[in-house]
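The chain below stands alone and is given as structure tokens, in the form predicted alone.
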């Protein structure tokens, strides 16, 4: 198990190939390496990582625009699931996003992704709407939201 004091760190550029592999494994519509590199270089985007024994176990990417930190992707390598990494990285990202000027996270999750929905509910995210046929395969998405501090939603 990694050192709890330094669990969440910045993703390194050289890890983007591994991110692309995880994306291809866990998402029906993964981001490709070129898209990931473009996003990584954008100053409004931040990617965070959790590593176990030097290997990328989980990552989270978001883009800050005004008060909103829009979720790009949050994934855990299937070999490292059920260790609490998905929720941990999201919780620690709040302070980073807030330091970048955001007041809340906004994202979407597939209706069928019950494990992710459970994690989000457990750490205080809310499903605030449903978009029909949001994803390329026609699946609906729940719009999910997490306010960093009570009373900051306009």
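Residue numbers count along the first chain shown, from 1. Fair warning: this is a prediction, and the values are worked out from it, not measured in the lab.
The same protein also exists as the form predicted together with a small molecule; that form is not shown, yet it is the one meant from here on.
- Taking the partner from the other structure, the small molecule in the predicted complex has a heavy atom within 4.5 Å of a heavy atom of residue 114.
- Although the partner is absent here, residue 65 lies well away from the small molecule in the predicted complex, with no heavy atom inside 4.5 Å.
- The small molecule is not shown here, but in the predicted complex it comes within 4.5 Å of a heavy atom of residue 85.
- For the chain shown alone, residue 118 is a contact residue for the small molecule in the predicted complex, at least one non-hydrogen atom being within 4.5 angstroms.
- Just one listed stretch, out of 35-43, 98-106, 85-93, 124-132, contacts the small molecule in the predicted complex at the 4.5 Å heavy atom level, and that stretch is 85-93.
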